[in-house]
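One chain comes next, on its own, written as structure tokens: the form predicted on its own.
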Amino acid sequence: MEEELVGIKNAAISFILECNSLEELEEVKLQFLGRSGKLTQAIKNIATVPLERRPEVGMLANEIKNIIEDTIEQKYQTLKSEHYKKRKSAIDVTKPGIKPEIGHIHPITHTILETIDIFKSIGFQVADGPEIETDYYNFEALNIPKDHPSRDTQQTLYLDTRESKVEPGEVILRTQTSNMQGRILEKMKPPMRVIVPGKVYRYEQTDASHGFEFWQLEGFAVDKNITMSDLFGTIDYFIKKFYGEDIKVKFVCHNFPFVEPGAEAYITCAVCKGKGCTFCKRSGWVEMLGAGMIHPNVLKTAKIDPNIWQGFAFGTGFSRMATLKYQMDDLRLLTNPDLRILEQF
């Protein structure tokens, strides 16, 4: 038994000294000290040695095991040092490292956050609501009955409800964040000042200034003795805070079923500085938002007395705001996956 153990030691040391890599050393270690290794099996066979000789053979086996382990450790340190020297000589420590890719906030997100900050500074609170909406809150609560012609301009996307108890045409993807106006007027008591940023959907032809899925801002205020002057002042303040004091704003009369009277706000095109381009259709002016005094019927539907309370409302699109803010000539750039676009923000 002693001769077998000595033979295992000599063979192990020979193999260890001949190793040229850490991988080879690991294989030799498993060959002799692993579960099925030669030395491990020999130690198990000590049980077959006569009882009076077992202590002596056992001490020899432990001594040989320690010798093999020490030799492996010494060889490991030698190979590790040589490996490090080779790697160090192959690396140019003066060469710049690999620059990690860093994400960027999307320009739409920039626009939303800046808009929220502006309105919060003048007392507006922020609300959110469902993108899957009922026909009632999207239209009827806003003084737009089912036969109203203005529905044709919204190009509504209807959800398929054939396998449910819901009547066809009653569940839609909201076409405007104004859907939250009826919900909030029902639950809150005036006075109130609210903005609602969110995503809306319309079946529209995509071009340089239109999209079928886009972000919109709805804002409204209800209080006593509110007038059109309050509306114009709020819009003028917001636009100049967002685009700068040099921007020009003009209002023109317009008809919306949920406001009376109604108006549209135009600003000088930030892309061409009012000279005329494809984005502003060569006019030098860009429609910024629709607005007006909340129609008495909308207040009545929410059980608010229009003889006591008045309000104004306005709505605009964040996509258009962003393209003007960052002087893009096509809002389709906002959905372009090219990282070179996002890296600019």
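Here the structure is a predicted model, which is why all the values come from computation and not from measurement. Counting begins at 1, following the sequence as shown.
The same protein has a further form, the form predicted in complex with a small molecule, not shown here; the description that follows concerns it.
- The small molecule is not drawn, but in the predicted complex it has a heavy atom within 4.5 Å of residue 290.
- Contact check for residue 241: no non-hydrogen atom falls within 4.5 Å of the small molecule in the predicted complex.
- Contact annotation: residue 133 falls outside 4.5 Å of the small molecule in the predicted complex, judged by heavy atom distances.
- Within 4.5 Å of any heavy atom of the small molecule in the predicted complex lies no heavy atom of residue 199.
- The stretch from 66-74, 306-314, 51-59, 34-42 that comes within 4.5 Å of the small molecule in the predicted complex, counting heavy atoms only, is 306-314.
- Checked against the small molecule in the predicted complex, the candidates 119, 256, 215, 137 yield a single residue with a heavy atom inside 4.5 Å, and that residue is 256.
- Of the residues given (115, 268, 143, 176), 176 alone sits with a heavy atom within 4.5 Å of the small molecule in the predicted complex.
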